[in-house]
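One chain is shown next in structure tokens, namely the form predicted alone.
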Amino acid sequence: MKKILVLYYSQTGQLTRIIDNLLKPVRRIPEVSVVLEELQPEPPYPFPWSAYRFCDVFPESVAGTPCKLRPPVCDLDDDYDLIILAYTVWYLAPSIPVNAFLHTPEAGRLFRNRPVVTVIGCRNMWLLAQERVKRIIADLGGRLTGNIVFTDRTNNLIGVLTIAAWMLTGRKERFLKVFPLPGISEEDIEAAQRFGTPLASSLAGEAFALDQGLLNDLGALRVKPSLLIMEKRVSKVFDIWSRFIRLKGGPGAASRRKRVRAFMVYLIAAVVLLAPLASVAAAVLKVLKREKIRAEVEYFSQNALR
């Protein structure tokens, strides 16, 4: 009997549905058992968010500061043949609950010498979050063998508006009744099971082996040069803002409220004014640094570390 452990954290339930569909082919195999472990922060993060709380998690997301988690329900010392780590992206970083688990002693025991497949659900920028996760998995002694990414297919500015409306109201509906539905499309969520077929086949052998190239042929991930350029530049600004806010205290501290609110103003200005300019700059850089960007796209399309 092969056993899979799925570790995940989903606020909206969208990532949970992706996992459920992805695992359908695997669950049809009688010789494979699937164990689900939903990470539960204590206290839980709100959904829907208030605008302030949404921005107050920014500094710790960027800094990789863990939160407290409830004890796991499953037996993390069991003999698992594969770990699936499913996460969402908060401010270009893995969500705080997932990052928190990856820094526990239990994670060190769990990941050592085991194959890992990551599943990401996000708006559009995931490269640097995955780079951070890749390094942690390697440090824990795990072997990252596959990465599957689900993103919002709308353009960057529209995606920001629709996702923000969803996060702040809790209603997944067309913003102002004209914009597309927020988040990952229903079609992509339903089609997630196409990745379960190679996953199931890989479990048939003695040693788990998954071909990222095969996953990529199925649409597992797509590295967009324009977003790659933008993400690297935004991350530097985020680092500065994160340090600036954390100098005034930790999560929820009254002493940092002014700085969090200043970041809220910056974020709105960046989306409305700076993002279009960044897109133009990215288009120019794609031409001027074509070979370097091509190499970067190839790097982020596989699972090895630099």
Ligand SMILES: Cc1cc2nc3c(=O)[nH]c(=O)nc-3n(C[C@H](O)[C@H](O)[C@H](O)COP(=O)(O)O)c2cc1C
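Heads up: residue numbers just count along the shown sequence, starting at 1. For clarity, every value in this text was computed on a predicted model and none was experimentally measured.
Although it is not shown, the form predicted in complex with the ligand is what the next lines describe.
At a distance threshold of 4.5 angstroms between non-hydrogen atoms, Phe263 is out of contact with the ligand in the predicted complex.
Among heavy atoms of Leu199, none comes within 4.5 Å of the ligand in the predicted complex.
When contacts are judged by a 4.5 Å heavy atom cut-off, Arg114 does not count as touching the ligand in the predicted complex. Contact check for Lys134: no non-hydrogen atom falls within 4.5 Å of the ligand in the predicted complex. With the partner left out here, the ligand still marks one of 51-59, 253-261, 239-247, 33-41 in the predicted complex; by a 4.5 Å heavy atom cut-off that stretch is 51-59. Checked against the ligand in the predicted complex, the candidates Gln193, Thr162, Asn124, Gln130 yield a single residue with a heavy atom inside 4.5 Å, and that residue is Asn124. For the options Val89, Met230, Ile83, Ala220, the residue carrying a heavy atom within 4.5 angstroms of the ligand in the predicted complex is Val89.
Judged against the ligand in the predicted complex with a 4.5 angstroms heavy atom cut-off, the residues Leu144, Asn147 and Ser301 are out of contact without exception. Taking the ligand as positioned in the predicted complex, the residues of 160-194 that bring a heavy atom within 4.5 Å of it are, in sequence order, Ile163, Trp166, Met167.
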